[in-house]
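Considered here are two forms of the same protein chain, supplied as structure tokens in two stand-alone entries, structure 1 and structure 2.
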Structure 1
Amino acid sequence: MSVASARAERSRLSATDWEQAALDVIAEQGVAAVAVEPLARRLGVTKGSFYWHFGTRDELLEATLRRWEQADAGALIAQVDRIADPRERLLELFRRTSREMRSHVIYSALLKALDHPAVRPVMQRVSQRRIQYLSLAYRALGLSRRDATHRSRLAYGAYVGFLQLMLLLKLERMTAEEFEAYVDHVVATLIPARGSVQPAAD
């Protein structure tokens, strides 16, 4: 390959392209499958393009996880924060979360890789932020600080547990109708009915 061709190849792909490809691989095959040569083949370039942007595979993985974490935070806020009614806001959060299959798959793949030093702190931050957001949402409904904390942990535990059952343990898949009925049940169980919560003193 000529010098000019090498430069053209390197400039054709951005760091974002490599990060997105790595995230696709995580969703499809898990964290362990993220490797330079297979990614280069996937993108139709040589390894030289990779080293134009990253020094090592670990640098790519860390950048990919940062991008996923930032997108997760932004998506959560953008999806529901514009809804003024606190119960409708929480309801919409549950509904939207239930439909984001790609997000579930990536989250499950990262759960399987918690022993990786780059993965664990990201998952801890993402989980803590999600639980805090849920707690604030429950507080807005009028729950006490303690009850909102308990309810948020219960809700998040239900989310993670369901992913473990369906995507990691690969239990029998639900039909679309069964899944919608399950989501309705979760909503009815975890979101207090309108008017059922007395404003908390704290």
Structure 2
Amino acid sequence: MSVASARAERSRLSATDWEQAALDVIAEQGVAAVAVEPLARRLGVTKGSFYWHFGTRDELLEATLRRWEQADAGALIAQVDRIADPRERLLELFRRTSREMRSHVIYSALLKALDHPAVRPVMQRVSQRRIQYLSLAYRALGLSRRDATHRSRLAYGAYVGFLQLMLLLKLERMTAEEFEAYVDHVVATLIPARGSVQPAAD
């Protein structure tokens, strides 16, 4: 089923359709590839349609990012947050992060477009929020305020860096077992062993 024929069935497009397509393009080719005319071609339509739904290209971008931020970006944390034990929660967070791709691909693509004024604030909020969440979990694990802050930054930095080295550099494609072993090492290194921390006083 070609793009154009898909369109023939749906007949008309909504703003949401454009945002959805824009997010796909971000995942596949990055923010810079979100261009009106290519997008229109992709949807089997001309830009005459686009400029009915949006005023400018940047408006589309902003709408797309807004949608991403509130729909996708917080999904993982929401799932894991039910786990009571902080160590299990962190562990599960690390583990889940290591599955699923698309969400990371998008995050990584946005990371490469931080110079864009519409992208930066969104990424700031999302990243801050996640680091904050990590920090709280570390805190609950018994780390001091300082250590929790530092460790959460380190952990999140490791996540972000791994994304680059993996998805984008394709440093080498690891096997599934190799990857599991790596995640285990990360967990062992970045999550304090059970009973190794006594609650800090601060």
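By convention here, residues take numbers in order along the sequence of structure 1, the first being 1. For clarity, a rigid core is taken as the largest C-alpha set superposing within 1.5 Å between two forms. As the structure is a prediction and not an experimental result, all values here were calculated from the model.
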Open item on the list: Looking for the form predicted in complex with the DNA among these two structures; is it 1 or 2?
Closed with: 2
Task: CA of residue 184, rigid core aligned, shift of 2 Å or more between structure 1 and structure 2 - done: no
Task: residue 54: Cα shift of 2 Å or greater between structure 1 and structure 2 (core-aligned) - done: yes
Open item on the list: Given the rigid core as reference frame, how large is the C-alpha shift of residue 17 between structure 1 and structure 2? Answer in angstrom.
Closed with: 2.6
